[in-house]
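Quick heads-up: it's one chain on its own, the form predicted alone, in structure tokens.
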Amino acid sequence: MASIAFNNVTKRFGDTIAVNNLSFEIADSEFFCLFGPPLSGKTTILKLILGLEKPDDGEILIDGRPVNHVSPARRNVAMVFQNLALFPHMSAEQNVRFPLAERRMDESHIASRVADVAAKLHIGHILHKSPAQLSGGERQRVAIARALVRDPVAYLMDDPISALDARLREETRVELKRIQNELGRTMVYVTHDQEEAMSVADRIAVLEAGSIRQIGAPSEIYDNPHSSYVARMLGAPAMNLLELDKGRASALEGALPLSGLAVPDGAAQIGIRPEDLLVGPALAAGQGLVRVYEVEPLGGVTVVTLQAGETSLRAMVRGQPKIDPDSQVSLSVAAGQACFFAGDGQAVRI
């Protein structure tokens, strides 16, 4: 078990700054998620922890010990790469057992560990096959099993379940969280899927262009984003952002009443989650109404896209209410559920 810390770490590739002066700490036994769009620095951070890349500036510590000049083998960290990196000439079972066999562990111990991990990831029936005979999802689970079979101080996972179909991805992330709790090991997990990040992480680091924009528990980041960038990164559909003019959502020309909201000084934008944008019946024609552009029934919820002039909004309504495209509806905001941002995108609080 181990904590991991970055102290003012920078990594450059030529003129590109992949990781920009990062300082953060991952607690012992924490499920820590690195979340952001492509090229935000997520995989580079993993490689720096593993030792495949060396920082140009700053210091990396594992369990309080500086490891800048420690080889990957001596860091005792296991990684699941995005490209899986399975040995093509070995069977799935041989791939899974390889880290233990290399350490010349007792054969009975190896067999027990392989069987245990295979059962957890539901791959016992494919262990005799070669990687070429496996589907993308099966190869991904074998790669995860190869990392889990070891007893490292931390597990690093680079978007490990992206190739799985939606249902299997959901099952696997639940299993990964359960396994991490059972093992009591630190896990650093990279993903660009906000639902995945929200569901598994103890804490999330939201990245942009090599910098961390916010670190916190999923609910904390979702409810209290530090910037409009973070606000739109988490949530599906994304948060609605509207420009304010003297405390009014000017783009909607009065169609969204804000009279019940306390608008802080310096607010240039209001952010409203789709589930907090309340859609009501059109009680009277004319001002104060918006047009329904599209209706997407999703079973338990319905996503309604609304149009007012050039402005588009999305609302999430429980169930499957009777709302017709091209009809008019009224809007309001759930009490206390709006976020406000300054002109530079930083959160503004009362």
Partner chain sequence: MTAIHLENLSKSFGAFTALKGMNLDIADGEFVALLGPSGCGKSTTMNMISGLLEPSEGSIRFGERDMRGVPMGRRGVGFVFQNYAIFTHMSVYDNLAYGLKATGVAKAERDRRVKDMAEFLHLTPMLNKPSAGLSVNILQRLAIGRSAIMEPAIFLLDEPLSNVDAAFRAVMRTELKHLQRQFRQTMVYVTHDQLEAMTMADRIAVMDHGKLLQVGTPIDVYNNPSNVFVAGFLGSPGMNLLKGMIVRTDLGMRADLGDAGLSAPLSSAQEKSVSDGQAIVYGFRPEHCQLTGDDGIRLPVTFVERIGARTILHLGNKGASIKGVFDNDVVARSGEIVTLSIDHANIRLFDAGSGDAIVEAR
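Positions refer to the first chain, counted from 1. Not measured: the values here are computed from a predicted model. Rigid core here is just the name for the largest C-alpha set that superposes within 1.5 Å across the two forms.
Beyond what is shown, the protein has a form predicted in complex with the partner chain; the following relates to that form.
**Prompt:** Just one of P281, G309, G64, P297 has a heavy atom within 4.5 angstroms of the partner chain in the model of the complex, so which one?
**Reply:** By the 4.5 Å criterion, the partner-contacting residue is P297.
**Message:** I need to confirm a contact call. Of R75, R150, K120, K177, which residue comes within 4.5 Å of the partner chain in the model of the complex, counting heavy atoms only?
**Reply:** Looking at R75, R150, K120, K177 one by one, just K177 meets the 4.5 Å heavy-atom criterion.
What stretch, of 168-176, 128-136, 91-99, 208-216, brings heavy atoms to within 4.5 Å of the partner chain in the model of the complex? Only one stretch passes the 4.5 Å heavy-atom test: 168-176.
message = Taking any heavy atom pair closer than or equal to 4.5 Å as contact, tell me whether S199 reaches the partner chain in the model of the complex.
response = Because a heavy atom of S199 falls inside 4.5 Å of the partner chain in the model of the complex, the answer is yes.
Practice prompt. Using a 4.5 Å heavy atom cut-off, state whether Y229 contacts the partner chain in the model of the complex.
Written response: It does not: once the partner chain is placed as it appears in the model of the complex, Y229 has no heavy atom within 4.5 Å of it.
Worksheet item: Are any of the heavy atoms in V317 no more than 4.5 Å from a heavy atom of the partner chain in the model of the complex?
Response: No, V317 stays farther than 4.5 Å from the partner chain in the model of the complex.
Considering non-hydrogen atoms and a 4.5 Å limit, does the partner chain approach D223 in the model of the complex? Looking in the model of the complex, residue contacts with the partner chain include D223, since a heavy atom lies within 4.5 Å.
* Enumerate the residues of 179-197 that have a non-hydrogen atom within 4.5 Å of the partner chain in the model of the complex, in sequence order, or give none. => In sequence order, H192, D193, E195 come within 4.5 Å of the partner.
- Query: Does L121 show a Cα shift reaching 2 Å between the shown form and the other one after rigid-core superposition?
  - Reply: Yes, L121 moves 2 Å or more.
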